[in-house]
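To begin, one chain is listed below as structure tokens, in the form predicted on its own.
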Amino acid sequence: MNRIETITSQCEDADLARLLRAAGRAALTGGSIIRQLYGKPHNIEMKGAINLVTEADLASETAIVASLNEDLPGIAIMAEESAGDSPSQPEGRSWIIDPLDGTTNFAHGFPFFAVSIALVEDAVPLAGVVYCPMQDELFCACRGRGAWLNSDRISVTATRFPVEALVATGFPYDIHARLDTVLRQLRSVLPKVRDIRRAGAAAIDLAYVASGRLDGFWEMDLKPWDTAAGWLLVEEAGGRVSDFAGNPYSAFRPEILASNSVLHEQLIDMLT
């Protein structure tokens, strides 16, 4: 039995299993294309001063959309390269897709990037996958049923004290406008934790919180496709997700804080 079938057989809900199966197949399809294009010359276009798009983003998105429409036609789709800069919160069921989270890493040959796909209903994720093609790691979650890495159940850490915690963050594309805030947060958090990582792919950071590789993660100015799947992964692995002030999270909020739950209030205090 392959890993997608192993996971969906544990989902114990036929509708969720169907959604997760389609998302997993689409993520593997997009990831295969990205892996084939990795290490080759790239066609790079600029969406902003430091925001890139490559031929891999576009090819992956096309393949993912085709796969989802083949498996589950009729569901609305919000995908990064076709959704525009200010997507509105969808009603009903919708796929939210990042065909290549970590494009800058991909373009520079830094092998830390992923495909992220979530099925949301009224903006609440029901199923989500994050696939890291270079590591061949498939993170999956379905609402109320748990989270997995490949075929194994995952859970967040039990770390209680910030000094024992490894946390991650990311920087916004408009860093010049946000530099004071970013530096203030780093000054507050860095002396209190074991260390901070910044690897440039929010979907993977969230998957790593869910799987216990990180104890927490925060970032501002992300888009829905960056966090929709990872949000569900963290919650289904026993973690907590909010904005910086501890308010309930939405993928359409401009900031995210994810943790193992135990550290959450302490991280809120550091960030605010």
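Residues carry their position along the shown sequence, with the first being 1. Here the structure is a predicted model, which is why all the values come from computation and not from measurement.
The protein also exists as the form predicted together with ligand IPD; that form is not presented, and the subsequent description refers to it.
For the candidate set Leu119, Ala147, Val167, Ala201, a heavy atom within 4.5 Å of ligand IPD in the predicted bound form is found for exactly one residue, namely Ala201. Only one of the listed residues (Ile33, Val65, Val241, Leu222) places a non-hydrogen atom within 4.5 angstroms of ligand IPD in the predicted bound form, and that residue is Leu222.
Stretch-level contact analysis of 85-93, 133-141, 98-106, 177-185 against ligand IPD in the predicted bound form, using heavy atoms and a 4.5 Å limit, identifies 98-106. Ligand IPD in the predicted bound form is approached by Tyr173, whose closest heavy atom lies within 4.5 angstroms of it. Not displayed here, ligand IPD is approached by Asp226 to within 4.5 Å at the level of heavy atoms in the predicted bound form. Looking at 232-265, no residue comes within 4.5 Å of ligand IPD in the predicted bound form, counting any heavy atom.
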